[in-house]
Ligand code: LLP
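One chain comes next, on its own, written out as structure tokens in the form predicted alone.
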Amino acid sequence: MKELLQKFSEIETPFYWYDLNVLDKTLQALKEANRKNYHVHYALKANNNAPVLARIKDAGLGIDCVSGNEVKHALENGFEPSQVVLAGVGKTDKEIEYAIDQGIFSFNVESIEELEVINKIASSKGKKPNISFRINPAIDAGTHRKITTGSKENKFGISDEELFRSVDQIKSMESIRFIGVHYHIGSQITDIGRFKNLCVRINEIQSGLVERGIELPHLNVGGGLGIDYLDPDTKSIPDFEAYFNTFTENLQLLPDQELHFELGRSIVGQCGSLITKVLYQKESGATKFLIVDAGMTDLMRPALYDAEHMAQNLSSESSNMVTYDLVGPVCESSDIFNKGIVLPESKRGDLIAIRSAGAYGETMKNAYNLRELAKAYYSE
């Protein structure tokens, strides 16, 4: 720890710190748990850092993208077009054209109108891209309402009823190749039983499509597996075994049907920390504030989702424990990392690690208040 503290003290805060050993161990655990060799696409929106992506590419994972620029970034970082899927509820014509030209593996289509646009653009190019329909299965993911995506009030996907009504229209389109269906019910799901519920709905919907003469060589069940934000040291690697086994035991796959996953946070979440420095302390009534130089511009999750991250004082040797509100410098009342967190007595200049920031930390950073963008550093 002393060597690490010395290294940290020489770097301008705030910054992202990636422990690539943790990432390697996570990828190895994922590989060992995936005994059926299911296709796993890494969700690029979680973290698009190049050294992180290099490890993911070497592990043989594909890529799940939600914008044209993410497709471009994936290809620039060495992923093959055949490994790339493109989702997103509002794909622009420009993004669709680019993805078709690159020959990506599949579009995850989220409306009938979008399918019509893809068919028209593909026809003008003399191409026939693969498409999968994202179905909204109308089930509760049991997670925060702002990261739930599979219930009726969410904007994502189409209902199975609408898909059933559109079968003849889909079959009539000559410039698309319908290869299957796609689901994603939400993020940071820690109750494995929610995935069992998804399997039940998938089996029902898939049976209805087969009855209507639809061939489904490809099934994509999305991702959403959560991590332990409050105990990142003893629970640094999610239970991939239980996750994959849930689908193996409960999905009724068709003969020769490929099963695809889209995991993001569970792969990269625990390998990253946001390192920040204490600027000031102050009190207001009974509240003691610990003001640090990182803010919601560097880690948006607490402000956006009311998310909790474990925070540690790396510098203090005090045995006196104090209750603080850990806050940033941004001119917003929501710029709070933790309310009522207990830390060793802290002082100006102490280094604080905000853990489990490997997912949706660096990718969401922004320059609000004209703040400088934090840089990234690595364990190797």
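The first residue of the shown sequence is 1; numbering continues from there. Just so you know, these numbers come straight off a predicted model, no measurement behind them.
One more form of this protein, predicted in complex with the named molecule, exists but is not displayed; see below.
Subject >> Listed residue (R194, K91, H260, R301) with a non-hydrogen atom within 4.5 angstroms of the named molecule in the predicted bound form >> reply: By the 4.5 Å criterion, the partner-contacting residue is R301.
Original post:
Considering G180, G223, P129, P238, which brings a non-hydrogen atom within 4.5 Å of the named molecule in the predicted bound form?
Top reply: Looking at the other structure, the residue within range turns out to be G223.
Original post:
I11: heavy atom within 4.5 Å of the named molecule in the predicted bound form?
Top reply: Answer no; every heavy atom of I11 is more than 4.5 Å from the named molecule in the predicted bound form.
Subject >> the named molecule contact at Y305 in the predicted bound form, heavy atom, 4.5 Å >> reply: Yes, Y305 sits close enough to the named molecule in the predicted bound form that at least one of its heavy atoms falls within 4.5 Å.
Original post:
Taking heavy atoms and a 4.5 Å cut-off, does P232 contact the named molecule in the predicted bound form?
Top reply: Outside the cut-off, so no.
Subject >> Non-hydrogen atom contact K45 with the named molecule in the predicted bound form at 4.5 angstroms >> reply: Contact check for K45: yes, within 4.5 Å of the named molecule in the predicted bound form.
Subject >> Non-hydrogen atom within 4.5 angstroms of the named molecule in the predicted bound form for each of P81, I135 and H218 >> reply: Heavy-atom distance to the named molecule in the predicted bound form: none of the three under 4.5 Å.
Subject >> Listed range touching the named molecule, judged in the predicted bound form by heavy atoms within 4.5 Å, from 169 to 177, 248 to 256, 184 to 192, 278 to 286 >> reply: Answer to the contact question: 184 to 192.
Subject >> Partner contacts for 264 to 281, taking the named molecule in the predicted bound form and a 4.5 Å heavy atom cut-off >> reply: Sequence-ordered list: G264, R265.
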